[in-house]
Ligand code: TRH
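For reference, the chain that follows is the form predicted on its own, supplied as structure tokens.
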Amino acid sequence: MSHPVTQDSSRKLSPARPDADLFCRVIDNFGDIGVCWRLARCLARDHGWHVRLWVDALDALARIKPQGAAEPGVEVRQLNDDTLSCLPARCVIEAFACDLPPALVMSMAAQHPPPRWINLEYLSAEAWVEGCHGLPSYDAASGLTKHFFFPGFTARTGGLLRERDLPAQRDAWLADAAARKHDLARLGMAVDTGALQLSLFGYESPSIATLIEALAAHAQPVQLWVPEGRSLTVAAEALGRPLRAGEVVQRGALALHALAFMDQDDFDRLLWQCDLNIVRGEDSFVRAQWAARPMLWHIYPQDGGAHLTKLDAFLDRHAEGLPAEVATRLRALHRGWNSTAAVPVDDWHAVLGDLPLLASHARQRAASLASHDDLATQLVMFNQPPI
């Protein structure tokens, strides 16, 4: 049986020169390929670009696009350093310093003019990003210049990854009861309209056990939706039983629902549906903000605690406008979730009480972020030749 996204990279490609070659090497999890797939699709849908998406692990793409990755304007190719041979696109995007095949770099250098070479960096809210965004770097081996492109939260960065119609699409779906019911049923979600709705898609954390304890004792019914993955494994251990997609475990006020790993677009709908989303990494983190719902971020851990500096920088921006005591509780919850000690049950109760105020704040934040040009739009503008 053929893989839904596998293609033979050794074949001769179309002689038409694409607008962009986008390179992705999957380190672990699904964040790198999640960002790259969404970016390729945005460039194609919103800007009419022809994008070749080069991926070294097609199975990771198949996991987030289980129905197949066919998309007009996006050509998925296996990244293999030994077989890659093609005319480079007008813009070459090296995602997350993944290192381009040397043969391709030499081919880029032979073009006149050479492609625009962009190193797409990881997202950060740290202040130094504004000063580094767009800076050039000379590559001595090829004589080419690459530019560092930093996504970010301000007008002086590359913006956040967002489809042009995403806010309208979200609001239309939320307003269409029939569409919501159909899509949620397709995902195996029988939603209790009187219950508090939470989603959990993170890494391993001891705070999952105290979250379950707090939700079980909550004053109203709670549905916790947990897609297959690392958090579901920890939740199963806390409950003392294995969990498979489709199963439900009841503990007091809490009904924990195990969900199948889902398509990226369906994951967006899960985020739109919930009153609080616990997310991880970069791709899910950004989508949770566009959901305009309260969120808790499980940041990817780094050596020496470097990720905590990034977490604090984000919270400095994210908590702007909140009452001081609410901001303090939100910061403590994020810090606790990202530590090796479990968040106390009382802290969970306090933040659950803050949800109405956090919901209003999340809508304001999403609208403010949407006032900046999105990442794909800024990449297209950056790629325009000078007048």
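One rule holds for the numbers: they count along the sequence shown, beginning at 1. All values reported here derive from a predicted model rather than from experimental measurement.
Not pictured, yet referred to below: the form predicted in complex with the named molecule.
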| item | value |
| --- | --- |
| Segment assignment from 108-116, 174-182, 280-288, 188-196: heavy atom within 4.5 Å of the named molecule in the predicted complex | 280-288 |
| 4.5 Å heavy atom contact, Phe267 and the named molecule in the predicted complex | yes |
| 4.5 Å heavy atom contact, Pro227 and the named molecule in the predicted complex | yes |
| Phe314, heavy atom within 4.5 angstroms of the named molecule in the predicted complex | no |
| is_contact(Ile27, the named molecule) in the predicted complex, heavy atom dist at most 4.5 Å | yes |
| Position in contact with the named molecule when the complex is considered in the predicted complex, options Glu247, Asp263, Asp139, Glu71, heavy atoms within 4.5 Å | Asp263 |
| Sole residue of Ile64, Leu352, Leu330, Ala342 within 4.5 Å of the named molecule in the predicted complex, by heavy atom | Ile64 |
| Members of 194-217 lying within 4.5 angstroms of the named molecule, judged by heavy atom, in the predicted complex | Phe201, Tyr203 |
